[in-house]
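Below are two forms of the same protein chain, given as structure tokens: structure 1, then structure 2.
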Structure 1
Amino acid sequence: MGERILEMENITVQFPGVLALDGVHFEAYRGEVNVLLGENGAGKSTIMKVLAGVNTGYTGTVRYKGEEIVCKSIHEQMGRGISIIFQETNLLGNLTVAENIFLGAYCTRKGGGVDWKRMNAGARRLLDSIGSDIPERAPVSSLSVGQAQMVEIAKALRTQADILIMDEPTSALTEKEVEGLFHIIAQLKAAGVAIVYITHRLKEILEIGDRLTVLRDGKSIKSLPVKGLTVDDMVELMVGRDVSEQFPRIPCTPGGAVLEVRGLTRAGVLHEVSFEARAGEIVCFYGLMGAGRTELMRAIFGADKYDGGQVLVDGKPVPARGCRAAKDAGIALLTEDRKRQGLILGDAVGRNIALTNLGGVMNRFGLSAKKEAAVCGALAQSVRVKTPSLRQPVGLLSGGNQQKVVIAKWLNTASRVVIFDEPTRGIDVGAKVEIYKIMNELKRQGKAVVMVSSELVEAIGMCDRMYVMHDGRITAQFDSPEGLTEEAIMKAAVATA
């Protein structure tokens, strides 16, 4: 067992209307991966933000390297050797990758002024060390979510940390990037760094975790070694009940094609993609990160232009005139990137849900608060959004609960085709099942459901049919979930077939 470097005792955080932490105890040890586990809204990010000096309104004691400290600011905590990789990226889009990595600590030349050469080279070294080929001079706004996450990681590694907090670092990474990250974690462990690791991917915990602390509803439930645990054990510790049916598949009796995509092409991105989704079925798109699945869905939804091909709903061509036309034609897209595309963070939960269908919450005089509360309340409840009220700004919800609001929002439309792009990313096991049940409900209503997923077990577990993409092309099609093997799918995903 490593040396105990941190002891947080009786930590309580009260936000307006939400007791986020209620006397929590947490310890971290050098040279170990200290995992924090809990459902969405359990308080994982909140306690780590206390430690990182972001949430300063807490009570309780924090002992670090044997001394009692007060966590007052990020700057001070970083100086003490405590670094955090935030769950939602906090990068500045207009600046380059290198500028973001060195933010607040630009390299300077002897005579004054910024030493761009040294800074860019330093950024390059950091990125190389984590196996990332992102160009260091690219503006951050041009990066994908996964790439931005890699930049966050590089940034956190810039300063020598004794405690490195990673809040869901892998939720948007490619398999290669995850591998690179685990490699770095092993190196940091060997160097005696205490890693605090938060994830909803339970298998990762078995792979790299040493010690586990479970939070439920802002309280500590248990701390124990990871060794000897199974995924089922962790699920039970986390939700306090048995989640037996992880993939609640229902029978499928598909009708005619609702969505038809013919030869969709976008130079350099999509190559002659054709497929269909029928009424009452769930069609999964599997592929590795960067295979072009998100780009395909964005093109179908009119968010990106395409150079050739056609999209039809119920046999009628959808004019390629942007999202509005696609929405009017009956297409809904739940984006993978809630922060940039899905939500207005400063607006209330209820208003965010209402936005997709304002007609439904209006009366003769305009927006009806009563209607909004009724319609949005029911939708928020159907996906079990954890919020003190519908008036709470979405930005104040936990990451997973923000994702649930995105879903509730799109359930509020009369769409024919509902496209889910990585709907369960960052979502806890219990809530995942809720989302699958919502997909089932849409399927039962005779809608065509399309799901993009990077999790193979989920794709196999929920699909009625599957398409696999690689490099902007469909490389395989499976017309039944029966007999689907991980090998066949992976082969198509890396396109070695």
Structure 2
Amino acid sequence: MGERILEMENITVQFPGVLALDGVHFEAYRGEVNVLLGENGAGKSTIMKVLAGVNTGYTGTVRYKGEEIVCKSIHEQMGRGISIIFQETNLLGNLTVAENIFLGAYCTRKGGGVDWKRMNAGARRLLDSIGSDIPERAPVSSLSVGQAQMVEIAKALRTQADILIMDEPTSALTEKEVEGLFHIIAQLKAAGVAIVYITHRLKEILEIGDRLTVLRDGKSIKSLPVKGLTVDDMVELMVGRDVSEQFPRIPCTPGGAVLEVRGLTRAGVLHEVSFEARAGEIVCFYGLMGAGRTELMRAIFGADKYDGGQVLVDGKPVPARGCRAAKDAGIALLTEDRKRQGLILGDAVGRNIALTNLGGVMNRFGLSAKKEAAVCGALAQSVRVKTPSLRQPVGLLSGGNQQKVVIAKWLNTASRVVIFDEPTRGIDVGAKVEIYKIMNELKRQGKAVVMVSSELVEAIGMCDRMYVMHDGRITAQFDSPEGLTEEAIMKAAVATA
């Protein structure tokens, strides 16, 4: 254990109707990775936002490098050497990658003006250092979620921080990018940087963690060395109970095809993709980053145009006229980026749930608060959304509860096909099991459930059938979970014989 660089004592944060942190204690040491562990809503991101200067309405004491400080702003904390990589990217889409990396610290010429050559070269060096081939001059609006996360990491490394906070940094990264990040973390540790790491991927903790700090319901539970712990130990510490059945798949006798996709093609993206999803089954799509899984789901839902092929629901062609036509045909899509594409963060929980079926909460005078409370309240309760009230802004909920709001929103329709694109990204073990149980219930109701997942163990654990994609094509089909192996799936994912 190196020198203690940070001590946070009795940190308390109160949000409207929620005690987010209740007397939490946290420490960080130079050259050490301290992993913050807890379920969604445990307070992990909240206490790190206090340290980063984002949540300024706190009580308690923060000591940094032996001196008591007040965390007033993110700019002031960065000046002290405390940087944060947020779970959700905070980049400006109209600027280039280099401009975002050097935002607020542009390289300038002696005579004035921006030294673009030096700034682009600096961005290139930072991107190369984390093994990223993202063009430094590319507009951020053109990047995928994973690429944007790599830009956030490069941006944080530019500040040469003494404490670097990483909130779910690998949630959208490829395996190669994760390896590069872990290599950078090892280098930062060797240089004496204190790393605070938040993740729900428990195997990552065993690989890079030195110390584990557990929060539960906004309170400190335990701080202990990672060495000697098992995944089961961490699950029990996190949820306070034994989660024995991680993937609660239920047996199924599927009915006829509900969703049929025939020869779907989009130039340079999808190549004559055909598959079906039957009533009462969960069909999983697996593939590496860039395989075309999300692009396929967006095309099916009408969010992206396609050049050829056909989508049918219950044998009837779905007109290629956008999302409304797909929704009217009985297709629901829970997007991979719930914050940007699935929710209106500043609006209330109830209003978000009502959005997909406003007609159901209206009377002849317009929106009915009484109807909205009854309909949306029942839906929120059915998926166990934890919220002080339906009037709570959905942006104040934890990631897991936000995902449940997205699910409730689509349960507010008469969907026959429910597509889950990365439904458990950034969600803890306990919340994942609840999401899986909701998927099982949809399966019992005879709906066709399509699940896209980057977690191979999850895909194997929940699928009734599986399709594997590579380079916009289906390269393998597995008609039963029995006998499925990671090796066979990965061969198909990289398109090897």
Ligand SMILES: Nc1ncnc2c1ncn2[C@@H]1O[C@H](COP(=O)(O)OP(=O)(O)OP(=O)(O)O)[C@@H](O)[C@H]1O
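Between two forms, the rigid core is defined as the largest C-alpha subset superposing within 1.5 Å. Please read these numbers as outputs of a predicted model, since none were measured by experiment. Residue positions are counted from 1 along structure 1's sequence.
Here the chain taken from the form predicted alone appears as structure 2, while structure 1 comes from elsewhere. Residue 209 is not among the residues whose C-alpha shifts by 2 Å or more between structure 1 and structure 2 once the rigid core is aligned; its shift stays under 2 Å. Relative to the superposed rigid core, the position of the CA of residue 100 differs between structure 1 and structure 2 by less than 2 Å. Put the two forms on the same core and the Cα of residue 426 is off by less than 2 Å between structure 1 and structure 2. Relative displacement of the residue 398 Cα between structure 1 and structure 2 on rigid core alignment is 2.5 Å.
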